[in-house]
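Okay, so here's just one chain, in structure tokens, the form predicted on its own.
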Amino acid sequence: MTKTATAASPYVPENLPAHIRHYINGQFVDSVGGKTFDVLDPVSNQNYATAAAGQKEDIDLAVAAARKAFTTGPWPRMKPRDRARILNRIADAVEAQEDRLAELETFDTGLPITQAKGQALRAAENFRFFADLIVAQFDDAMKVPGSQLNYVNRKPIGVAGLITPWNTPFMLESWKLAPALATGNTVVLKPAEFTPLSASLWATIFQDAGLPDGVFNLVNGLGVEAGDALVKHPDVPLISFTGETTTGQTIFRNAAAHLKGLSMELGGKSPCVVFADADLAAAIDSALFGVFSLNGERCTAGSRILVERAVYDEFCDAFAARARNIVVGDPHDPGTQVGALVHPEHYEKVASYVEIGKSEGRLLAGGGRPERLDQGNYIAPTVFADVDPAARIFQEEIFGPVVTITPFDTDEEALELANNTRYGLAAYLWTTNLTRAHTFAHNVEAGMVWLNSHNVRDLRTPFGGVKASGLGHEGGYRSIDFYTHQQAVHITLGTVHTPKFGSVETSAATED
């Protein structure tokens, strides 16, 4: 039986806004046409605010402000050190508001409060990291002695369109905002419509830190309205998107007309592969955290666990026992480990996969709504064993606290199972065999691999996937590359030796 936190009246933070507005050219504004949408919290599923619903005309205003700030404003022309000072002030402000940010993020998303606090600190670190990186950034210079000097002149590109998801929204917004701003671009942010609350805090943070007006702009709204207009806008040369794969395919098509630069981190169905020689206790700890933290709403979740048959039964028994012991309940309770899913629409999707799974695998834990939690978007941590690779719950991204376990007999079969989906974002491998570990890592179809570890990421490393999990990479210098033009400049140092087409001497020599 799933453990549940003591039921109580839903917690509501103080001083919640009744209405969330856009932020364009240094001002909070409503939509030009006055359109709004309702915003609800996932514990009560009650509307707590309205938000301005951006349309094409609102995107046009935001892009115009960002374009003006880029072409005539000081931001792209500042020295890296000056931009870095502002980025560090932003990080200071985020850290100073850690408790408030976590409180609002938990209220808006349903993430457990202890996990939301970690996201706020990670957001601050993203700004510090890129503040340091742009100051230390240097580019190639190549010399041909006595003949030529060649060097790379790196320049910001222009207006970056940033479209962000609803899982850990504040932190994931910082992943895009920090490098885009650090490199001198201006931005238009379109946050997810399910979770606009924490995104609205960026405006005041940036304003207080001294970011010039127009450099940061925010337009709330639906993806098919505001997001679509941002992707199609001819004055937005860059789109960075994190979200679902089919939405990424639509963005890819719509960006083609203007040949926009694209970076897209999309869906995942990542394998966690456990060999018989693994440290089983550590593997279970990591596998549980990897799929059930953040309510299972994480792109890199190890949602397909593949276990060598020699330890399969032992693993299944221990894993399921631990899953049944996970505390589900009020996201604001520090004892909660799994909170409420973000929105009733998403809850219905995850619940439907749980029902599908009951005919595709052996249910070991969970299987529906926990007892005593009769309202809100709660799903008990759910474990299915003996799942066939052709099953829908093995192949399709669920994005919730649901995991499949499948046995394998050989290294070759493990690799085949790991690669047997359309996705390729992350992979996790547990073994003490060094040769096997590296061989498997090099052959698995995944943009990121963790060996004997859960998802702990160094900000200097590339982040992204292959196959249906994404296009391009960000993180560290890859982010700098994405958000800048790299212009090659060539200077002749000696005598210029160029064929003299059309000269009198050339013509005479030809006639002879």
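One rule holds for the numbers: they count along the sequence shown, beginning at 1. Everything numeric here is computed off the predicted structure, so don't read it as measured data.
The same protein also has a form predicted together with a small molecule, omitted here; what follows describes it.
Novice: In the predicted complex, do P191, T242 and C299 all reach within 4.5 Å of the small molecule through at least one heavy atom apiece?
Specialist: Every residue of the candidate spot has a heavy atom within 4.5 Å of the small molecule in the predicted complex.
Novice: Given the stretches 285 to 293, 363 to 371, 200 to 208, 265 to 273, which is the single one in contact with the small molecule in the predicted complex, using a heavy atom cutoff of 4.5 Å?
Specialist: In short, 265 to 273.
Novice: So which of V187, L425, L87, A102 gets a non-hydrogen atom within 4.5 Å of the small molecule in the predicted complex?
Specialist: None of the other options qualify; the answer is L425.
Novice: Which one of M78, V224, L121, A441 is close to the small molecule in the predicted complex, taking close to mean a heavy atom within 4.5 Å?
Specialist: Of M78, V224, L121, A441, the residue with a heavy atom within 4.5 Å of the small molecule in the predicted complex is V224.
Novice: Indicate whether F399 is a 4.5 Å heavy atom neighbour of the small molecule in the predicted complex.
Specialist: F399: contacts the small molecule in the predicted complex.
Novice: State yes or no: in the predicted complex, is some non-hydrogen atom of T250 no more than 4.5 angstroms from a non-hydrogen atom of the small molecule?
Specialist: Answer yes; at least one heavy atom of T250 falls within 4.5 Å of the small molecule in the predicted complex.
Novice: Although the small molecule is absent from this view, report whether I163 comes within 4.5 Å of it in the predicted complex, heavy atoms only.
Specialist: Contact with the small molecule, yes.
Novice: Would F70 show up as a contact with the small molecule in the predicted complex if we use heavy atoms at 4.5 Å?
Specialist: No, F70 sits far enough from the small molecule in the predicted complex that none of its heavy atoms falls within 4.5 Å.
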